[in-house]
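Below, in structure tokens: the form predicted on its own, a single chain.
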Amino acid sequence: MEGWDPNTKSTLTQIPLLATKAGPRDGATWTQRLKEEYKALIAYTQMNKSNDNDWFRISAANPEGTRWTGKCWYVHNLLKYEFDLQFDIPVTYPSTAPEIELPQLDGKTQKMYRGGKICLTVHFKPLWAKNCPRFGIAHALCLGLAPWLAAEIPILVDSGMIKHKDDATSSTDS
């Protein structure tokens, strides 16, 4: 964590680390891992709300906890930009980090792969590998998606690649 800004360090230290090394094929130990994932996500969400920094909603889309969906948003120039969020837990999880997808932004930035998967290879994947199995979904959101949104959304808005929902409706009304 050397070289990180104080806010990131503070946030990260408040997200519980996970202990169970289990993936979707590991039966009862996967269930234990899911419980730890939920605890970490709840702690991260509560911390964000208490700091007036609420920026995502996410839940398991299937009972096995292998597909996750939700919404994330970013405020730029006092306007809220909201996006669908989804990812699958890889079979090799937690050794392999989930590939976070924002389908609405597919093809709008070079820092994204086909299907709307955000690019996390250079900065986040080595960090994930170093901290496996202690990192989980909450850590991927905190250290992967949040910085990606902060870096990319202002550029996409300023370049006109994405428009605020109010701008889009007012231009169609004219």
Partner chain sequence: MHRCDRRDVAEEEEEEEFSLAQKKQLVMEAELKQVLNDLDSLKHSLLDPSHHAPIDKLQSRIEHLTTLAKSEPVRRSKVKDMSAEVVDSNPYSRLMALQRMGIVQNYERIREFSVAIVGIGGVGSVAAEMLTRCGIGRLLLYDYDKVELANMNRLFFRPEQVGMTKTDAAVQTLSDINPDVVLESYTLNITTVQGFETFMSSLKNKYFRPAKEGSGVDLVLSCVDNYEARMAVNQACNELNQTWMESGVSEDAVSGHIQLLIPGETACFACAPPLVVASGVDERTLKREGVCAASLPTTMGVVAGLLVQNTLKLLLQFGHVSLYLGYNSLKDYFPTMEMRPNPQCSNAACLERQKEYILAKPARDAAAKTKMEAEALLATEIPLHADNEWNISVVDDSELEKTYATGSGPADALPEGLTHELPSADEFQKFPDADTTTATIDDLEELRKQLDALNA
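Quick caveat: nothing in here was measured; it's all calculated off a predicted structure. Numbering follows the first chain given and starts at 1.
There is also a form predicted in complex with the partner chain; it is not shown, and the following applies to it.
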### Query
Does each of 17, 66 and 88 have at least one heavy atom within 4.5 Å of the partner chain in the predicted bound form?
yes
### Message
Does any part of residue 126 reach within 4.5 Å of the partner chain in the predicted bound form? Heavy atoms only, please.
### Response
yes
### Message
I'd like to know if residue 116 sits close to the partner chain in the predicted bound form, meaning any non-hydrogen atom pair within 4.5 angstroms.
### Response
no
### Query
Is residue 31 close enough to the partner chain in the predicted bound form to count, meaning some heavy atom within 4.5 Å?
yes
#### Entry: Close approach of residue 92 to the partner chain in the predicted bound form, 4.5 Å, heavy atom
yes
### Query
So which residues in 117-138, when you check the partner chain in the predicted bound form, have a heavy atom no farther than 4.5 Å from it?
117, 119, 121, 122, 125, 126, 129, 130, 132, 133, 134
